[in-house]
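Next up: just one chain, as structure tokens, the form predicted on its own.
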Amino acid sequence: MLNYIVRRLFYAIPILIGVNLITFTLFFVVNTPDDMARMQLGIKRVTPEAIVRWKQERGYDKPLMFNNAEQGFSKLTRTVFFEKSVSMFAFRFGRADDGRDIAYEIRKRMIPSLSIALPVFLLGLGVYIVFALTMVFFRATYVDFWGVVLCVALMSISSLFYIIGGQFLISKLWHLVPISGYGYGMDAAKFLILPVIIGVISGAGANTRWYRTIFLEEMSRDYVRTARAKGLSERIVLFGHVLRNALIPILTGTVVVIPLLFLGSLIAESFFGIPGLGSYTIDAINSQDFAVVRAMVFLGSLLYIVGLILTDISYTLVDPRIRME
């Protein structure tokens, strides 16, 4: 298994280079270093000298990807792309265009992001699986029918509606929790209750239907008919056999998203004023801060690759017959 993990990590290097290249190309197709300087310095009353000085201070005064003024390999290395990219593979993200240390901001904002993303993930996973198993247990009845109707209705509503409706009803009308903001320690709980509830509800429709499909597919297997022929009750068949054999597809959809929880929820953090990595990324995109955008994209890609490896490893824990080769 160790060889398999090392090989997968080596495969990750060209993937990360490719993601970084695509991010760089897309960003500078619609922006130039001069645009970034005007955005940071202020569009009005910015002088050409100030733009040149801003680019020199932040390393944007070189050609983007190919330097005709240099010789040999320096044509590629004396460029913005090379100098901004190599340091990221050593996890040196540098400074944002406003001068703040990106690594420090990531560490500082990691806790707020996880404090909303982890409860949504864990609570949602439990609720969706229990809801789906209940629908399968009462399949072909009114419980299953109205459960599917409810799931479709939940899927048809935009997550923005849940956020705005929840803020209006629970915060503004009933005054049960603050409408937005964030606190540290135990004070954080009152700010996180509403985002967590909305996060679970907004994902209930699609996830419950997905788990219901998995469980129904397992119900048609031969081992289920064998278990029933032995006289086992439907409850034992469902919770003791079907749930255990459905763990691999469940793991495929859940373990891989665990590392991405680190990056937080973009929309929820922005609407609820939570100073996490999601709102940090949104602010960076709005201000055309390429240093932050590339760091967050690189980090997200790396975590996604790690998530895929963890998913493969988890298969061997669920089913020992699986070998990593």
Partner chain sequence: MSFKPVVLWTDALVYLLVAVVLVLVWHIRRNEHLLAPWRRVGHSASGMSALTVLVFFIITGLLDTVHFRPATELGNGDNGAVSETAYSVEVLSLLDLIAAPLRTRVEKTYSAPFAAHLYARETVELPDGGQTREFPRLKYGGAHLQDPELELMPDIMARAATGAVGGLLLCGVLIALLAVTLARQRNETFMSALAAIRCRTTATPWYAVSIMLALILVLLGAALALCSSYHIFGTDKVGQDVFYLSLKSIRTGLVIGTLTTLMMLPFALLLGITAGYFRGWVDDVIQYLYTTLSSIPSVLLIAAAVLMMQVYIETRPELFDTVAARADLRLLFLCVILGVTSWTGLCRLLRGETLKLREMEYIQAAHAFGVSHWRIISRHILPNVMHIVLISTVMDFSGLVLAEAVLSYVGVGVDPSMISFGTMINAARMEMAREPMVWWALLAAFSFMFALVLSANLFADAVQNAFDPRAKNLSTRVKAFHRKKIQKKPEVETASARPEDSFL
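Numbering follows the first chain given and starts at 1. Please read all numbers here as calculations on a predicted model, not as lab measurements.
What follows is about the form predicted together with the partner chain, which we do not show.
- For the residues 94, 253, 183, 178, the 4.5 Å heavy atom test against the partner chain in the predicted bound form is passed only by 253.
- Checking 123, 86, 157, 143 against the partner chain in the predicted bound form, a heavy atom within 4.5 Å turns up for just one residue: 157.
- Taking the partner from elsewhere, residue 239 is found to have every heavy atom lying beyond 4.5 Å of the partner chain in the predicted bound form.
- When the partner chain is considered in the predicted bound form, residue 305 lines it closely, a heavy atom lying within 4.5 Å.
- Shown alone here, residue 301 lies within 4.5 Å of the partner chain in the predicted bound form, counting heavy atoms only.
- A residue is said to contact a partner when one of its heavy atoms sits within 4.5 Å of a partner heavy atom; residue 309 fails this definition for the partner chain in the predicted bound form, lying far away.
- Against the partner chain in the predicted bound form, the set 22, 172 and 216 is in full contact: each member has a heavy atom within 4.5 Å.
- Residues of just one listed stretch (78 to 86, 147 to 155, 186 to 194, 104 to 112) have heavy atoms within 4.5 Å of the partner chain in the predicted bound form: 147 to 155.
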